[in-house]
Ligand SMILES: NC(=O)c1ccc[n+]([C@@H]2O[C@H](COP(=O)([O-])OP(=O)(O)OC[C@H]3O[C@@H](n4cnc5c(N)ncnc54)[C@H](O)[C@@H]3O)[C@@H](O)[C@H]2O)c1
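What follows is a single chain, given as structure tokens, in the form predicted on its own.
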């Protein structure tokens, strides 16, 4: 019998997961819930199944085996907790929550239910980055350096609000923070600073944005953020983020280890030192993170590579950075944010 799959949130990144799920002969897409019913109906029309404007009706009427959650950060929490209480396995896109209270509450529900969960940190499934992890496993790591420079503000209406999206540090740079954890282990402390360097709200007359935004009627988040992290292994890490409009996207990641310098570009990697090489991600690598959940549930297993707790730990780095800002830049222990 095919795995019955439902979707909560059908905009944005959901399109990738809808398409990938449709490729599976062993998965039946039974229902879609979205606060904009027309979006859910469009998915139902294309892939089959029924449309709903709330997740509870989806759970009640379709009784899915697994759900794929692709909502904005502020909408998480009840969706996952209700699924756990019903024994529904779930895949959830990053970030897993907007607050540690929300994330820790869901984690408690997941532990009580004993369900399979998976967070959408797809870079962990790149063969190239798995190889890098192996190369680093027996070397002292000195430095983990990342930057995430965006040429403007993403267009979703919730992005400029700290209470809805958490800013770039929570919503986008979480991929960099999670990759650092994947390669170098957990982060012990975080020190952070933020800044606002331009006027976003003085919208020029006749402004008609295309793609990323240069102005917004409201803007509550930092447009520049910097973190310094102390890893439990002893390494230091840095992350710099910017939304300030400029020419292009620029995302970079390097690891300095004893005898090795690693450069990561997207899912691909190269390294020089006492070993030299380069490696590309495998074909269709971005599918693996979702497919692993399906495979494990079908096999009757709850063991996945990126269970919900991994998303909680990566979120804790972002929120420890903001807490450090509140404390004047003093280091904050990530463990203090975990329940």
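Numbering follows the first chain given and starts at 1. Model, not experiment: these values are computed from the prediction.
There is another form of this protein, the form predicted in complex with this ligand, and it is not shown here; the text below is about that form.
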{"property": "Contact test in the model of the complex: residue 72 vs this ligand, heavy atoms, 4.5 Å", "result": "yes"}
{"property": "4.5 Å heavy atom contact, residue 272 and this ligand in the model of the complex", "result": "no"}
{"property": "This ligand contact at residue 310 in the model of the complex, heavy atom, 4.5 Å", "result": "no"}
{"property": "This ligand contact in the model of the complex: residue 9, any heavy atom under 4.5 Å", "result": "yes"}
{"property": "160, 192 and 323 each touching this ligand in the model of the complex (heavy atom, 4.5 Å)", "result": "no"}
{"property": "Stretch from 74 to 82, 128 to 136, 195 to 203, 263 to 271 whose residues place a heavy atom within 4.5 Å of this ligand in the model of the complex", "result": "74 to 82"}
{"property": "Contact residue in the model of the complex, chosen from 114, 234, 209, 156 - any heavy atom within 4.5 Å of this ligand", "result": "156"}
{"property": "Of 180, 166, 222, 120, the one that lies within 4.5 Å of this ligand in the model of the complex (heavy atoms)", "result": "120"}
{"property": "Sequence-ordered list of residues in 79 to 102 near this ligand in the model of the complex, where near means a heavy atom within 4.5 Å", "result": "79, 93, 94, 95"}
